[in-house]
Every structure is written in C-alpha cells, then in structure tokens.
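Before any questions on how it binds or moves, here is one chain, the form predicted on its own, in structure tokens.
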Amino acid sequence: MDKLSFVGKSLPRKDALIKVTGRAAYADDREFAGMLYAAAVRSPRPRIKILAISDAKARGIPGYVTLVTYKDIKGVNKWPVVMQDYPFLPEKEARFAGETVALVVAQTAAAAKAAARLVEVKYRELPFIEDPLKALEKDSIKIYGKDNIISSFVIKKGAVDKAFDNAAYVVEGEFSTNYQVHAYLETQGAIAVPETDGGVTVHSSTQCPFYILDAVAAALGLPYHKVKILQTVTGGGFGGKEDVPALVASHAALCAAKTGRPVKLIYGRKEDFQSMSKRHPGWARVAYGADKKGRLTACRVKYVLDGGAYATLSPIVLWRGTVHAAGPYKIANVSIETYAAATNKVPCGAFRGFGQPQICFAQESLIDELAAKIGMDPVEFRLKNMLAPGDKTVTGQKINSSCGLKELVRTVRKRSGWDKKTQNSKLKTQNSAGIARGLGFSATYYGVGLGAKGRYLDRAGALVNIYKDSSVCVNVGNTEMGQGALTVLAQIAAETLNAPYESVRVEEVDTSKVPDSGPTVASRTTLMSGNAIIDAAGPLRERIFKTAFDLLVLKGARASGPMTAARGVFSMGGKSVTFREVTAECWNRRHKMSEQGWYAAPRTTFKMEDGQGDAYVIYSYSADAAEVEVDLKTGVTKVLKIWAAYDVGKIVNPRLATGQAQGGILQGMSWALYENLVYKNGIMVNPNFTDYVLATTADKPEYDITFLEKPYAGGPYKAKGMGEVPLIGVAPAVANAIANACGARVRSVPLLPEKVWKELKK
C-alpha cells in the first residue's frame, strides 16, 4: 500500500468549490416551468379517528389548486419500508401529532401553507400511549398488534443464571437516553416532475434514492422503469434522510400525479422536527458479573427502544443494538432480550450509530462501576476482558486479524495521560471556585454494513465510463451527504485506473443508471461502492495497462523491463505515456471503455432464534477518553478535551477522515450534554432550534485523534468504514468523566446540569 498514488492522500474534496461559493443546487434551489407547491395538513393530536377532511375554507386562498387525500392514491396505500404498516396518507386513524393526513397544492409556497392551515380535519380523540415501558405492560391499551411490540430479538449464550450465582462481583443498573434530532442544515424536500409517458422524475434530498424508488412506484402504481430518482445536493443526513425522504417524495409525487404539473414540497423546520425520524429514546437494565480475578463471566441485558407510531426502521435499529448490547468483551454467559415498543409519538429511525449509542451508554457506564467495585483501574479492566483477534463475540463470531481494539485503548491511555491523571482515583484538581476535573474512558466496536438482518439489501453497483478526452465519470448507488463520498470514491477509481484524480467525476445518484445499491448507511459506502467501482474498473484497467505497455514498446522501451503506473503516468525503460494518451489509443483500437461493477457482501451465519453466528462481515473499533470540568455549585459540565483512536482499516483520505471524527465527536458530545427533546401529553413542546439546544463550534472540545490502520483484506484498498464509530463512545466517556470528577453517576442522557447537581446532593 506504500506505492498508492491517490488512496491514502488528503486530496481536495470534489464538492468543496460549489459549496463554499454557494453554487451547490439543493432541492429547494431547483425550479421547473409551471411548478406548483405543496404543504402538509397535519394531525393536531397524538391519536385521532379521522371523521372528515374539508378544504371549503382553503379554497378562498388565492392560488389554491387542490386537496390531496388517500383517495388520490392510485397504487397501494402502504409505504414499503420493512413492516409496511405506515400509510402514505391515513384513511381512518392518525397515530401521532404531526402526521401528514392530507396535502394542499397551490400556485405558491406561501399560498399552500396558508391554505393548509385552513383545511379542517374533523376528528375524535382516541386514548394514546407515550411511555414505551407502559406500552409493554399487559393491561396497556393496544395501539400496535396484540402487544404493542414492533420487534424483538434475543441472544442466548451459556448458563447466565448459574454464572451470576457464582460471580464474585455483580453490578446492575438502569439507564435511559432521550431522542436526538438529526439537525441537518437542509430540511426534507422533494420535487416531482410528471413525464410525458405517464412516468415521474423525482428530485430529492436523500441518502437512499432506491427507497424513494420503491415508495413512489408503490404510491403511484407505476412500474419501476417509469420512475426515476435523482439525488440533489444533500445538506446533511446522519440517518435522517434514510427512510423518511421516501414519504416526502411520495407526497410530492401524488400531488404531481393529480395536477399533471411539477410539484415542490419543502419542509419547514418545525414540521421537520414534528414528523421526521429521530434517534430512538432508549431504556436498559444491564447487569455484569465477574470472577475474583476480574474476568467478566456474565451479562444480562433488557433493552427497550421507543419506536413511535410506526415501525419504519425500528426492527433494523433494534437488531444492531441487540448484537452490540454486551459491549466489545469476551463473556461466556450472556442473555440479551430487546424490544421496540410502539407509542403515539413521532416514528424513530436511523441515526448515526443506529441503536448502539443508547446501549453503549449503559454498558460502558456500568463497566466503570464494575471496575470500581473490583478495585481495578477501568482501563486495565477493559484491557483484561477486551476482544482481540481469535476471540469470539457474544454471538459466537470469531474476530479476525483486522482488529486493533487493544492498541486503540493503549494509545488513548498513553496520549491522554490516563495513568498519571487518574492516580488516586480522580484528578483531584477541584479549585477554590468549586470546579472539579475528571477523566472518563470508553471502548466500542461496530459492525460495518447491514449485517445479517439487512443482508438482502447489502449489495452495490457502479458504472465507470471513460470518455474520448480521457475524463472519467463514475455512477454509484450510494450518496454524498456531506461525508465526502464523492471524493473518497473518486480516489478509489483514480487509483484503480491510474487516472489523474482531477479527471474523475463521481455523480450524485440517478436510479436509472445503476442497480439498486441499498441504503447509504452503516458506514457502508466506502466498502460497498468502493468494491463495486473496483469491480467495474477491473476490465478497463486491464485494457488500459495492456495498451500503455504497447505504446511504451512502440516508443522504444525494452519490453523486458517492469512497467510502473503512478499519478496518471505509465513508465518503462525510461519512456513514459500519460493516461490521456493511453485512453486515446484505447478508443482508436475501439476498446470498450465503459463497464459496470457489482459487489455483494459475503453471507453471514447469524440465527435469529438464539442470536448466535456471524452477525457482520467485519467490525470497526474505537476508544475515547474525555476530560471534563464540573461546576459543583450548578452541575454544569464542560468537556475540555477528547482523545480518540479508531481502527477503520485503510484511511482513504486522512483529512476527510479527521473531519468525520471531529464531527462525530461533537455530535456525540451534543447528545450527551445538551439535546433534550420534550414531549408532554403526546405533543412535542420544543420543535425548534430556540428551545432544542445543540452544541455549536463554540462548545467544541479540543480534539486528539489517532488512526491505527488494521487492514481488512475484503475492503477496497483494505478500508472498512468509519462514519459511525466517532459518535458511539462519547456519551459514556463523558458520563464516566463526570463520575470521576465529582462522584455523580448520572444514568440518563442528556447529562443535564440539574441531574448532575441532584446526584451531588445525595
């Protein structure tokens, strides 16, 4: 890997210029002749029986065009996502406040919103549930199936009860976490444009164009070849643009189908808060047991997610949380049971970490408590029990050589000065102003890709086309949403073809150009699309390299010498030719200069019955240490510095990887300390950035970030994936640091000052 020309280099972002100059065209920037505008009519209460919907008053708004209800759906009124329980538009019952019950179309966006406010929904309120634990009680009212359970999983290994009976040390605790709002800069939006053949083209801000293809085709009753999805420049996603853009796009498409004109639907921030997916609130009861030598012997977990009113991605999110629920440790006896419970609140879905940060907060907090009970240093305790190559996870999966977890922990331990700072249990730097400092640690692992639960979607396609002027165009099915995919994938294409990086362009997704490549989630884009590009570029590389060799011989190079290829130049025996010259000759020879590629993740062996088997193909790893200051008078916590180390395989672009890490750390710190979405009587009370507090750049801690590359043989240039791991371990590291600073063990996220203060007063 030392001889790589483009992979492993901090090359400039492909989309930097259009974004810093304001030329990037987001969904709301696109205009079409004759375009109309849509706005949603939303349920005002947590659960209602819809009696009638009237647009009589709305018709008085100048520019009003029409009302769209479920009666206008020509296809099936079921959004095709996992459980298919979510109607595009409800017919009789709306299940959460903010659910779209109808749509208004008008000549202008302002007219559409004004008219939507005048649409009258006659309804009768129904009893509702907002507490997921109460939803699971036997005598609870039933809002979802027979038991309000959307999904559940188990992992069974060894003899757990006996192991706890024999344990020398046992700790147990209950933990909870709140919502997290994606807070992408660009709200949800889509434009649907009717085509002359009866089809439709949808322009959407999304990280999963093929989910939209499924949904629009279903809602309109159209065959797939009459539906085209074009991804617009996407202003952030973090999982919030995985599933729900399909709902927004389908609504725009229904409006376009009824009116026969292009229709734009752009969400305001408040309705985006109220109706789009969030990180699931979580509750967990976790217990660990250890023997006299400090070896983990048992783990028992009950983990519940608040799924909200419809399933959407809850089964997938819950499954990932289930697999990772015991932490990155060797434990012989494990019992894990998990549930996604239905409530009458906004449906929750994907968010960076995908069900793992919630349970990681519980497990890594409790690991510190167990270490303290045993009398061991928490880092030393982790190292003693941590997974290493050859060990087996709680699902029985053998960890392969691409695992640098112990090295990560030792690196963070050294760089943070852990041993010196935590001597005598705490920093003991409480000053005269009542400010105490503390240091906390956490370690995580993360299954890259969709794993066993999502294996049928775990594939990706690519189209590589080399033009006569030697420029290269790459189409893939995974999206750029700010993470740097266009750049990283261009580097992989350039490296494989020996094409100058500047000559490679990766386009936003067009579903008519590449096969369904699954979602852009779970740190899978570099791995899946990268491998698909290499598969497509392979035959092209063979033709290009053979032609380059021929040209060099014609130039007088001795054929017996080795040919080298670097930075877009082919050299041999003192002679050289450029990529441009070689591809021109390829065209002269009428070689095929376009190829498709395909990559499907290797099969996994996980069994849902007992939770045993290989859950994922490969794992990424992280370790974090957080240093905090706690005001002992108020409980206010400030994160001063976070040391983090990651094993995500080969780093394709170090600068972008560092940016990913910094963003993930800040997002994790924001969830840990500040973000507090509040529901009261089934109504979201702070759906805005005034009352929902986020960390900003002014709050960012000092970063110390290290990458340790443990190559993965199955990855493109031995890369794995890194989008998720920077966030997952931050909250428990901060919580452990607070406990280290002042003894306050807070068991619920966010770690608000009043919670810290309350613990201090105990």
Partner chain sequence: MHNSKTSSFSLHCLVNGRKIEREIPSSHSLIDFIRLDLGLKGTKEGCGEGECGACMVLLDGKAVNSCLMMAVQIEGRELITIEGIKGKAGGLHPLQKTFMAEGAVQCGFCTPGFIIASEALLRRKPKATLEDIKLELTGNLCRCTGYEKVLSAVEKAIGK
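Residue numbers count along the first chain shown, from 1. Quick caveat, the model's predicted, so the values are computed rather than measured.
Although it is not shown, the form predicted together with its partner chain is what the next lines describe.
Only one segment in the set 330-338, 286-294, 475-483, 440-448 has any non-hydrogen atom within 4.5 angstroms of its partner chain in the predicted complex, and it is 475-483. The closest non-hydrogen atom of residue 456 lies beyond 4.5 Å of its partner chain in the predicted complex.
Under a 4.5 angstroms non-hydrogen atom cutoff, its partner chain in the predicted complex lacks residue 53 among its neighbouring residues.
In the predicted complex, its partner chain sits beyond 4.5 Å of every heavy atom of residue 76. Among residues of the shown chain, residue 688 is one whose heavy atoms approach its partner chain to within 4.5 Å in the predicted complex. For the candidate set 118, 569, 183, 683, a heavy atom within 4.5 Å of its partner chain in the predicted complex is found for exactly one residue, namely 183. Only one of the listed residues (158, 659, 173, 573) places a non-hydrogen atom within 4.5 angstroms of its partner chain in the predicted complex, and that residue is 659. Interface residues of 654-676, taken as those with a heavy atom within 4.5 Å of its partner chain in the predicted complex (partner not displayed): 655, 658, 659, 660, 662, 663, 666, 667, 670, 675, in sequence order.
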